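Take a look at this one chain, the form predicted on its own, written out in structure tokens.
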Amino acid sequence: MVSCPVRTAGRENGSDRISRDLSPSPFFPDMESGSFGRYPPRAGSERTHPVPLDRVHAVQESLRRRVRLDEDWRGPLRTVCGVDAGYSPDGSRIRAAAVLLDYEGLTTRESVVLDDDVAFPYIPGLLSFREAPALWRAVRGLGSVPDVILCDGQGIAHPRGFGLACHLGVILDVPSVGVAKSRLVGCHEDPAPERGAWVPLRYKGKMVGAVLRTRAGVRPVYVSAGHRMTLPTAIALTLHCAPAFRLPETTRRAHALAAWSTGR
């Protein structure tokens, strides 16, 4: 088994304070998390009082407790949504993309791309607070509610058990899966070389995800449940959405739209 320390970079517990809170969205307000479309669109970029990191950690923990690792499908699976974010060359702007695909044929139904100011600094373990606000608005801009969201990031395979897929799944109340290109936490064996082979990803004595081979002989991806999702279903969804390439079509198409170099 490989040696697998937690990947970290920089400090998480200093005196940093967030320059602007996210009160127009369900990230910091003391309101209930709710269903898709409950919250009004963000209007402008009003600046409010700084938010200390201990407040951010408290919100993260509060949202983490709402994560559900079961399934309650409300009918047949018809659509799947991919999301991704890119940044301007100077890092001051974020581009969020949401792409809605038919589940069976993986044809694109519609997409939403939006640009916004980056309102949250890069802090290890809190990346979802940096990207989820813009991604949340992009998903809400779609004409219909996705049946499931596949995120280019982690689900519960996260130092605090609350990665981007969990964050989006909870605040949108939509089933979600994290499909990451690299490991953030945990230890694992190497999966067999054939497509569909997988091994458990374990962290602190628990299985938090799967290391899944989506193409024979190609580096695996790291799959974990986000919200209203089980790991076996997350693996099956990922394989279905990655029929020809290492990454799911959801991620590939969202990434192409979110790349800043594409221009708008």
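When you see a residue number, it is the position in the sequence shown, counting from 1. Here the structure is a predicted model, which is why all the values come from computation and not from measurement.
Unshown form predicted together with the DNA; subsequent notes refer to it.
Looking at 127-135, 188-196, 168-176, 99-107, which one sits within 4.5 Å of the DNA in the predicted complex if you count heavy atoms only?
Selected range: 127-135.
Since exactly one of V148, L184, V139, I94 fits, which has a heavy atom within 4.5 Å of the DNA in the predicted complex?
If I apply the 4.5 Å criterion carefully, the residue I get is L184.
So in the predicted complex, is the DNA close enough to G82 to count as touching (4.5 Å, heavy atoms)?
No, G82 stays farther than 4.5 Å from the DNA in the predicted complex.
Answer for H240 alone: is it within 4.5 Å of the DNA in the predicted complex, judged on heavy atom distances?
Flag for H240 set to no.
Answer with yes or no whether W73 is in contact with the DNA in the predicted complex, where contact means some heavy atom within 4.5 Å.
No, no contact at 4.5 Å.
Taking the DNA as it sits in the predicted complex, is R253 in contact with it (heavy atom to heavy atom, 4.5 Å or less)?
Because no heavy atom of R253 falls inside 4.5 Å of the DNA in the predicted complex, the answer is no.
If you apply a 4.5 angstroms heavy atom cut-off, which residues in 85-103 are near the DNA in the predicted complex?
A85, G86, Y87, P89 sit within 4.5 Å of the partner.
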